[in-house]
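Below you'll find only one chain, the form predicted on its own, shown as structure tokens.
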Amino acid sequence: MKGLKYALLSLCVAMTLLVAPSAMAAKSSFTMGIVLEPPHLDPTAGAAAAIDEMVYANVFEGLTRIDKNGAVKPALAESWDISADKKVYTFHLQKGVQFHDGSKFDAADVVFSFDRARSEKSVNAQKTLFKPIKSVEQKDANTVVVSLNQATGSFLFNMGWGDAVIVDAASADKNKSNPVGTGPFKFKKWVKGDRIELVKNDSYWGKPARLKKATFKIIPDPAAAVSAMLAGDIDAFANIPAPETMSQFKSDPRFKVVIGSTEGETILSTNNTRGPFAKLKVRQAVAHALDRKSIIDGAMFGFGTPIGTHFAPHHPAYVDLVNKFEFNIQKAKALLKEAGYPDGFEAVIKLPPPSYARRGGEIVASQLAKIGIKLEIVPVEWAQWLDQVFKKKDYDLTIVSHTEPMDIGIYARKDYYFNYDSPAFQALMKRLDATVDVQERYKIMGDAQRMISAECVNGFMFQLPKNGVWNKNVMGLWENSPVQANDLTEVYWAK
């Protein structure tokens, strides 16, 4: 009996040693909370940042990609050569790449994607990125030659945007509901109003993902987002919509709190051809009536950097124009009177779901009321905002964060939803596109910032912070957002 006991004990120890590593293995699934549900999942056919936030680098890839530091890195192009005049780019493609449906990736897919994006019928939200392209030619299966009309200093960076990802002709028209890319994750399921699921692509051509499954859980309500984090229902919120709870999470040892920067210029978007807002002095009055500190304190609980133009403060070309239109109620009233509105006027402000917009809109309405501008607040869902405001331009004012990288060029688009049409600014952007020298580019960027600030195209309020909260054992998430992405390609659990 004694020998049997020892034998059984030894067997139990052995089984424990065998089972223990498996029981202690790191998790392989991950759930991230997001505020906005995307209108669809095709980054080449929509302006909503929520699309890229899910599929950029995870599902879809471009010739180049932007890394967590904002640098241009190889992606589907393993390397490239640039001609002496900077007008011809020869891209050498990765070999052995397949789309998620098994289709082979080659140079023909690049030609198709770029020609599709720049065609007259293109629905690409960033079609101007492809405007410098003169031709796209397949040299062989693994080589593409892109010729430009003129040297374009930002070309490689632009090709790293989500709008420039490479798609397959056979599946392109279905990517809105069933995205097929070449990335380390494959699309699995979209439960509308609830979640989007991705799974690991076991046939990925590059460094494989460490996660087997990733879920984006849609939680627009700030209180619900906090509750879900505290309950452990989600593992991370890259940008939690309740900045007032950051100190609470900091004091909880279960979580890691990371305050980073984004490319999100948060602005009081203005319809420059709508009623009183067509007058410069009215827009100047609005600029003087905005108390940025109060907006940041009230809507963001102190998180956010004041801005006086549409440009990220962390960029070396940034010009600090915050004090150009300082908070001054009396000056604002005087300008409104000069514009022909001594008693003010009524207008409508449409506010999308993000808390910075809903909370910020209440504060802005209170501030503008002090100079006689009475705003009717109209909350709209994200799909409504995209349709009414962005597409149809049916609005007076709205609040939104523009999270695209280096996007000051949108002010050169005559048909953009601001309705700002300045030949001088358009000429400035043409000069920028044709300039390769870095310092000269920075100078032009500075002139552009001053121009839109002087014309008060929009009410420039603050740079959106990246208030990240995630489980302390989650590794590999981006701390900053140089592009609008939740890149999960290097995410893993420490234990």
Partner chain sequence: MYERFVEVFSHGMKNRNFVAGGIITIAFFGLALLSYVWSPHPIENINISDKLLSPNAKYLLGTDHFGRDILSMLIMGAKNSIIVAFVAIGIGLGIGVPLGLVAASQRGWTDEFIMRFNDFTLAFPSLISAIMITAIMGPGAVNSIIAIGIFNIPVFARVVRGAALNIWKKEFILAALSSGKSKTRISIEHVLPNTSSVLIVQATIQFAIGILAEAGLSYLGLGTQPPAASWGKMLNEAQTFLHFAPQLAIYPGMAIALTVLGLNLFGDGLRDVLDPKLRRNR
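Note that the coordinates shown come from a computational prediction; the quantities given were computed from them, not determined experimentally. Numbering follows the first chain given and starts at 1.
One more form of this protein should be noted, the form predicted in complex with its partner chain, which is absent from this view; the next part is about it.
- For a residue to qualify, one of its non-hydrogen atoms must sit within 4.5 Å of its partner chain in the predicted bound form; none of Glu326, Gly446 and Gln449 qualifies.
- Checked against its partner chain in the predicted bound form, the candidates Ile259, Ile377, Leu280, Leu321 yield a single residue with a heavy atom inside 4.5 Å, and that residue is Ile377.
- This chain appears without its partner; in the predicted bound form, the one residue of Gly308, Pro352, Pro222, Pro405 with a heavy atom within 4.5 Å of its partner chain is Pro222.
- Contact with its partner chain, judged by heavy atoms within 4.5 Å in the predicted bound form, is confined among 169-177, 333-341, 419-427, 241-249 to 241-249.
- Within this chain, Thr128 is remote from the site of its partner chain in the predicted bound form, having no heavy atom within 4.5 Å.
- Remark: Gly298 counts among the residues lining its partner chain in the predicted bound form, judged by a heavy atom distance of 4.5 Å or less.
- A residue is said to contact a partner when one of its heavy atoms sits within 4.5 Å of a partner heavy atom; Leu230 meets this definition for its partner chain in the predicted bound form.
- Its partner chain is not shown here, and in the predicted bound form it never comes within 4.5 Å of any heavy atom of Asp394.
- The partner is not shown here, and in the predicted bound form the stretch 424-453 never reaches within 4.5 angstroms of its partner chain through any heavy atom.
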